[in-house]
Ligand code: NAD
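Here we start with a single chain on its own, the form predicted alone, put down as structure tokens.
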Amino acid sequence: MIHVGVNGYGTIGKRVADAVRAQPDMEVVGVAKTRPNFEASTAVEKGFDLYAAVAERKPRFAEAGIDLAGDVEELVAESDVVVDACPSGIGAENAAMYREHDTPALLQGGEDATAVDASFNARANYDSVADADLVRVVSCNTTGLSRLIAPLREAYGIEKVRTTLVRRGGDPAQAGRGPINDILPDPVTLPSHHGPDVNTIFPDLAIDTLGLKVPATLMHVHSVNVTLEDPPADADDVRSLLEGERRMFVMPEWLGLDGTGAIKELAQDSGRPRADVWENCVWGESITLEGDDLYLFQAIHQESDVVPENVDAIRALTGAADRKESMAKTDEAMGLVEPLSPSR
């Protein structure tokens, strides 16, 4: 049994904690919060031991009537692996604590790649993080792109990737994020940070990325163009390839999923926890082949697609399973074996 601590119980942390708890070979030691709020209360109600991430704030938990199991250092010491789901920049600051306790840790995609020993995507480079001390599970967008690039590269070879990322302005609960009524080049200089981030998974990949930020909260959308080295006879071959991939939902046209709102509603109707969409959602009819150039649209749920990746990274770090075994085990435990379906 792998004992896992989760430092940070917000958008990603609470999802990872639930996913880890569902695994047959893992146990959640506890979760850490910086302050008492509804998420801290929910963690206790769910039976997670709660630890204080900031010692000076412990009295606030007592005032709120929330019991603590200890300080975050105790959580780290008791864990075989820590998943750090703290806000961007805090994970890198916590690295010294993890090293001091000799506890391997997973940081999230908001951290700089230079803060860790390796960056991770289960489909693309599972074996590269064995025995590392600090590993970064790449961001939601990089995860989505890596899942797509890996099978295309293996099957056809890739000469160049060009992607425009239409990014949500903020998560549903991020009231302070924007834009509210605007469309922003983000950044206006090229490339966006996503291409260099993909290169932490595929160092020799030629990729250009552009980013736009829009007033939406549900998902990101990628407009993807891949120049293939050895393209197949037609687009149906690409569609079949992607349909055979784990964590890739090639959406049939008859479902009528014309946008991200419809995808999220399908996730709700399918009974997904928090209406999460863990897989890439590729519009099947968008898959087009023009000579050597492949085109498609895919949607990425920024709050949840990295969650199964964190679970797999735990096994990769500890040597508990190989890639295929881990991905199958993770997907089975999370209910990701079948794609989203209104009949589930």
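Predicted, not measured: the structure shown is a model, and the values here were computed from it. Sequential numbering from 1, following the sequence displayed.
Another form exists, predicted in complex with this ligand; not displayed. Remarks below refer to it.
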{"property": "Interface segment, criterion being heavy atoms within 4.5 Å of this ligand in the model of the complex, picked from 198 to 206, 236 to 244, 101 to 109, 119 to 127", "result": "101 to 109"}
{"property": "4.5 angstroms heavy atom contact with this ligand in the model of the complex for Pro87", "result": "yes"}
{"property": "Ser41, heavy atom within 4.5 angstroms of this ligand in the model of the complex", "result": "no"}
{"property": "Close approach of Ala19 to this ligand in the model of the complex, 4.5 Å, heavy atom", "result": "no"}
{"property": "Non-hydrogen atom contact Gln302 with this ligand in the model of the complex at 4.5 angstroms", "result": "yes"}
{"property": "Residue among Val29, Ala53, Cys281, Ile287 with a heavy atom within 4.5 Å of this ligand in the model of the complex", "result": "Ala53"}
{"property": "Answer option from Leu148, Leu75, Val161, Cys140, heavy atom within 4.5 Å of this ligand in the model of the complex", "result": "Cys140"}
{"property": "Sequence-ordered list of residues in 306 to 327 near this ligand in the model of the complex, where near means a heavy atom within 4.5 Å", "result": "Val306"}
